[in-house]
Every structure is written in C-alpha cells, then in structure tokens.
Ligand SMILES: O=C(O)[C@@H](O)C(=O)COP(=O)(O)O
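This document opens with one chain alone, in structure tokens, the form predicted alone.
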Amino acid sequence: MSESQLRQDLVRYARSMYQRGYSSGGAGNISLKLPDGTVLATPTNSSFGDLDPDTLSKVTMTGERLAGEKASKEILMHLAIYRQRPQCGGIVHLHSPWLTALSCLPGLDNENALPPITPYYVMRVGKLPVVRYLRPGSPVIAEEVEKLAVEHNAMLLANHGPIISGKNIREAVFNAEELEETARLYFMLKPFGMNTLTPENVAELDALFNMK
C-alpha cells in the first residue's frame, strides 16, 4: 500500500474514533509504521476529528522528524512498542471514557486490569497490564511501556488511558474498540457480579487464535 493511501487511512480511522467519542479535543494520538520503517503519527495538539493527511508527522524509529508537523510528545511510547514488536504496524493511544475511568480505579490488578469477560477481549488483547502513573510525555512512560510490549499488545496507563497496538492500523483500531467495549461491560456488570471465562477457556482461545 502506498504512503499516500496509508496517510488517508490514518486520517479516516482517527476521524471515525473521534465521531464515536473515543477521543475529544486534542486528546490521544495514533500512528502507523510505513513500509520503509519510518512512522507516521498525529502532530502535537492535533484533533482526531480534523487531521490533514499532508501534515502528519513523519519520524524515524528514533524520533527524528523527517516531514510534517512536530509529533506528539507521546510519540516515544509508540516508538518503544514498535521496537519491541516488529510485527506491529499501528498504534492507538486514547483517553476514551470507559478505559480512562478504569485507569483511575483503586485496587486494580497491575498484571491484568480487566477480567476475561468475553472471548473477543481474550482473542484481541489477552491481558491488560497497568503502567504506574507518570506525567504525560515523560520518557519514563516509554521505558515502562517498552518492558511490557514484549508480551503485551495493550497497556493501561494509570489515571491516563490505554495504548493499543495491532499488526496494522485497522487491527489496532479494532483492538482499541474491543478493549473500550470490554471496559464498558465491566462497569455495567460490576454492581451485579459477573461470570468470566475459566483458565481453560482462555487457554483454548490462546491456542486456537493467538491474535496478540
């Protein structure tokens, strides 16, 4: 796929998420890896709702700007994941309401913030580890994310929101949508208790699909 088409895809998926309330104002950022190994990303202070494909930030894997506007300060998180997950082609970082609310709850399991409510959560994400609170843009966030990215395609930043990857931008967006929906279901079910998948159920899904 050409760089021009990939630029259009990034803008299209970002606008779709904005229109459905996954991102508001200038919150969040999205990126994809180009065939030559460089990265396209949303510029700093940009909105998912009105991105211009011609002014997207284009950076090297070390963060050097090649073209377009200055990248978001959170590009370091994206680059950390790309380095650890060579199969990754797209990343979404959101301040989506249900996952951001989850990130603010006390007593979260830092190894997995959401129980295996549905098979789709298990198939697309598996586990959602929590990264301790650090200020937005802190280089230490990227270091923490890089450690977890070896085995996880999604993480929850405490009091901040999720960052989710996929083999391409389409899959990253689908994974983000599934994760947000799982968080919504969790809050709906929490007052009543919930039946979750058993460890045997989870193992069967991992063996059959292994999408993560």
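Keep in mind the model is a prediction, meaning the values are calculated, not measured. Numbering starts at 1 and follows the sequence shown.
What comes next is about the form predicted in complex with the ligand, which does not appear here.
Participant: For the interface check, one of 37 to 45, 167 to 175, 54 to 62, 144 to 152 should have non-hydrogen atoms within 4.5 Å of the ligand in the model of the complex; which one?
Facilitator: Heavy-atom contact with the partner occurs in 37 to 45.
Participant: Any of the heavy atoms of N29 lying within 4.5 Å of the ligand in the model of the complex?
Facilitator: The answer is yes: N29 has a heavy atom within 4.5 Å of the ligand.
Participant: Find out whether any non-hydrogen atom of R132 is located within 4.5 angstroms of the ligand in the model of the complex, and reply yes or no.
Facilitator: Close contact is absent here: in the model of the complex, R132 is far from the ligand, nothing within 4.5 Å, heavy atoms only.
Participant: Given that the partner is absent here, does H160 sit within 4.5 Å of the ligand in the model of the complex, heavy atoms only?
Facilitator: Although the ligand is absent here, H160 would touch it in the model of the complex, with heavy atoms inside 4.5 Å.
Participant: Is P115 near the ligand? Define near as a heavy atom within 4.5 Å, in the model of the complex.
Facilitator: Close contact is absent here: in the model of the complex, P115 is far from the ligand, nothing within 4.5 Å, heavy atoms only.
Participant: Taking only heavy atoms into account, state which residues of 111 to 128 are within 4.5 Å of the ligand in the model of the complex, ordered by sequence.
Facilitator: The stretch does not touch the partner at all.
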